[in-house]
Structures are given as structure tokens and as C-alpha cells.
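Next up: just one chain, as C-alpha cells, the form predicted alone.
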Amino acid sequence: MNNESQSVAIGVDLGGTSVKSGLVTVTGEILYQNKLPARASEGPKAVLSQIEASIKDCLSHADKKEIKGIGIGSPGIVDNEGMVKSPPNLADWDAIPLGREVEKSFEFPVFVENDANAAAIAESKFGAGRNHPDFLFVIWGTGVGGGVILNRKIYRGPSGGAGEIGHISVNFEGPLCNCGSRGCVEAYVGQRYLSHRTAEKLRAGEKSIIVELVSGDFNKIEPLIISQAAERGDLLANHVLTEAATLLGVAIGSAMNLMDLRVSIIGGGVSAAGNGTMNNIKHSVQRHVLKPLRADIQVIRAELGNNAGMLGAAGLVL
């Protein structure tokens, strides 16, 4: 690092598959990053060991005098004390005081936040939300997560659980969601649902170039493939994505009515779908918000991609 007065944070993005850490500047520049397996199936001690190894590797590439602290974005509910509760895809993990555990090994303060909230913070500080002090952030990927930014700060709620837009029900008699409720938007538009629904239609005899794109292996169907087919004018793919975008727009519209918001930023893997899908989300939101809100509705694609979690974790410090 050339500027010795520069403030730097270590941002840690903890997932069910990997731990990614990076050295991040106050402007959002990533000076160095690494990626280690999370060892999630081996329990909390193994995961903690990987987090610490990832941080130590970052420190070996830094001037410690410049480090302001460590931020961690984690799946699961994260309370105001940094306790991580029941994170999905991390085995035998009930409630772990992640911040305190990591602080035992380092001389820096450690801040912990839910991973969707961390990504929202990243877009607010460094990405598509820079010019929007208030917005709803939505991660549309394997599931549907979210975060609420109010006056450029994350709104967590009393227990850290605010922003769970994926569990707004769009049909109280709908399919059972992993959360135990029925008809959650996640149960309709999550990646697994889209892939499964598309495969069902193909097995029922509907025609689509998706069969060609996956060489006949329906297990290879994923939203990117569906999006590619839609961009080539495939009717089945367009129908699946339009339905999903419409339902997601219903949920976003409900949240905007509740919070008096005008802007939603969409990130996650499925958000890489074409402009048609983003426009369909916007049109659905506009139909489902109160009339005085409609003219100002914006639905914006996130900018930071796979680095959002790491950048947002660092943003907890910077």
C-alpha cells in the first residue's frame, strides 16, 4: 500500500461454500482478496478456523497500522450483539457469538452483520445506491433476501431480522416455504423453484430451446440458461421469467407501500437476467404500489456482483 494514511478494513464474506476475505479501502477498492473453503459441514469450530485463517492471510498482505477493523457478513439472523443464529447451510450451528469469538484471535474490533444487510450496505456506500439515501435491496438468487437502507444506514429492527422480503406471502394457501410459512415469494421465485418449474413444463411436452442449451439434461437448468433462452425469444422461458418477475414485484410493492420507499436495487445471481425481466419487475411494482408512489418508482440492477458481501462487511468498519 502506497498511502500510509489510508484507512483499510478487512471484509469477510461467509457463505455455506466458501469464506472470502479482502482488504478494502474507504473508496471501496479491493487491494487484496482470498477465498477458502468454509468447511461448513464440519461444524462451527471448523468454520471459525477458516475465517481466522482467511483474516490472517489478509493481514500478511497489509500494514497493520492502516487496519481499522474487521467486518463479517454472515448468513442467518444476526442480533445487535453479533450473535449469529441458525445460519442456513452451516451444520450444527445454533447460536454463536461470532464477533466475540473472532476478536479473541485479533487485536482489532470485529463487527458482524447479516449477509444480505452487508450487501445492501455495500451498494449504499460503493454501488448502485450511492445516490439514493433510502432504498430496498433485494438479493434474488437461490432464495430471496433483502435489506432496508434508510438515511444511508441499514435498518435492522430490534432483533436484526428486518428486510426479509423473501418471506412476504403472495398466496397464503401457496406452496410450503423452507421458513415454515406458505406462499412466500421465495417459494415461487427462488432459483430452485424456477429450475424445477421449467423442467416440469418441458417434461409435460412444452417446446423450448432450453432443451438444446442443456443438452437434454434438465438438472443443468438454471436461471442464466432460462434468461439466455428468453433473450432469444423462447416463449416458455419468457413465461417463466415474466411470472417470477411479476410475483417478486408484488412483494416489493408491498414493502414499498409499508415503508414509503421509491427505489429498489436488485442483486443476486438471478438478477443477471436480461432487461426484460427487470422491466417486468418494475411494471409489477408500479401496479402494486399506492397510486401516489407510482411515478417515482425505480428498479435498479445492483453493481457490485460477487464482491458485494465482502465490500459490505468492510463497510461495517469504514
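Each residue number is its position in the shown sequence, starting from 1. Everything numeric in this text was worked out from a predicted model, so none of it was measured.
One more form of this protein exists, namely the form predicted together with a further copy of the same chain; it is left out here, but the text below deals with it.
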{"query": "a further copy of the same chain contact at A95 in the predicted complex, heavy atom, 4.5 Å", "finding": "no"}
{"query": "4.5 Å heavy atom contact, P88 to a further copy of the same chain in the predicted complex", "finding": "no"}
{"query": "a further copy of the same chain contact in the predicted complex: G160, any heavy atom under 4.5 Å", "finding": "yes"}
{"query": "Distance check, L258 to a further copy of the same chain in the predicted complex, heavy atom within 4.5 Å", "finding": "yes"}
{"query": "One residue of G180, G233, G216, G205 in contact with a further copy of the same chain, assessed in the predicted complex (non-hydrogen atom, 4.5 angstroms)", "finding": "G180"}
{"query": "One residue of V84, A229, L241, I165 in contact with a further copy of the same chain, assessed in the predicted complex (non-hydrogen atom, 4.5 angstroms)", "finding": "I165"}
{"query": "A62, E101 and F126 all contacting a further copy of the same chain in the predicted complex, non-hydrogen atom within 4.5 Å", "finding": "no"}
{"query": "Per-stretch contact check against a further copy of the same chain in the predicted complex, the hit in 67 to 75, 180 to 188, 108 to 116, 219 to 227 (non-hydrogen atom, 4.5 angstroms)", "finding": "180 to 188"}
